[in-house]
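Read the single chain below, which is given as structure tokens and is the form predicted alone.
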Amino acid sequence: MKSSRQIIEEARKEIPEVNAEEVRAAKDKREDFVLLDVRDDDERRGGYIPDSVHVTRGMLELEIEDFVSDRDKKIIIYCGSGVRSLLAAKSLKEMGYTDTVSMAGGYRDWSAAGYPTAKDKPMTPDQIERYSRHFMLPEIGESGQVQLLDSKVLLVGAGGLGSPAGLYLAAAGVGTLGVIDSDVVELNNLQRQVLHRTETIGQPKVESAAETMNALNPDVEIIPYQMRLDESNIINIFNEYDLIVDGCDNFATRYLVNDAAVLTRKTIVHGSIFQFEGQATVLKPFDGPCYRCMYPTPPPPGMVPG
């Protein structure tokens, strides 16, 4: 039976090592490689090397293909001191990755050398628990959750489309949600507009929506706009947000939202429904067509189902 020391020595004979200075030089030269951080989540929270991919050592074999599918891609692996990265590199080699390298000294040496490090905004223990399932998703992780908490999304409409969007964005931890709607809650809204409740009938929809989303996730700041969008206010409002979710219910507003998004270079997530049919589209100005590009003129009056 082999001791841990023997296993590490065998890995050191098999796996090439580079030091922190060499990794810094490779980054400065923009060499083509993946820098992989295999430390635990709590270590990562203390700081990490910018642009590194994070997969904990315990999940490496299960998740690496989500991040690096090309088995001939060069991977430089680092941990806290250079031991786990050796074992991780050896494991990846056994999986068929052909160019795995361990960074000797790990994050300890990189940090001690004064090389650039990054650190995500700290989360509270409650936030770590609340968003723990997001941390398990390679597409989000802790860094992605921090970005969500720093994001600002505007919901145009708090009705049948805005309601489920608002609930899920609040649950996901989007840090600032603006909600614009001039209507009040009516009884006939409640079979589909899930942001609202019987006790909020007669209340402005933006207030009802804010109460529901804050009850779901108090992390989220809700900014209500009880007004109609028009040429006098839309640009100033859009400038405050990163993304627009268009759930409006009329073509005049839809074209207005489109034009303002083009002027402010804001991406729109657009949705529309009719009975059991629906459509969702992402419109990113200057990276593809806008709504007016696809539909230059609105349909004539009387052609749209009520």
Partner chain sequence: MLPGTIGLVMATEAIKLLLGVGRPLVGRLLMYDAMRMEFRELKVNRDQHCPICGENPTITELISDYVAYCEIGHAEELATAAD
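Positions refer to the first chain, counted from 1. Keep in mind that this is a model prediction, so the values were computed, not measured.
If you look for the form predicted together with its partner chain, you will not find it shown, but the lines that follow are about it.
Residue Q147 is the only one of N217, S91, T200, Q147 with a heavy atom lying within 4.5 Å of its partner chain in the predicted complex. Just one of M213, I75, I180, V174 comes within 4.5 Å of its partner chain in the predicted complex, counting any heavy atom, and that one is V174. With respect to its partner chain in the predicted complex, the three residues G278, P289 and R292 uniformly fall within 4.5 angstroms at the level of their nearest heavy atom.
Look at 30-38, 62-70, 44-52, 259-267: in the predicted complex, residues with non-hydrogen atoms within 4.5 angstroms of its partner chain sit in 259-267. Using a 4.5 Å cutoff between non-hydrogen atoms, L243 counts as a contact of its partner chain in the predicted complex. Heavy atoms of E139 reach within 4.5 Å of its partner chain in the predicted complex, making it an interface residue. Shown alone here, S151 lies within 4.5 Å of its partner chain in the predicted complex, counting heavy atoms only.
Contact between P164 and its partner chain in the predicted complex is found at the 4.5 Å heavy atom cutoff. Heavy atoms closer than or equal to 4.5 Å to its partner chain in the predicted complex belong, across 166-196, to the residues Y168, L169, A172, V174, R192, ordered by sequence position.
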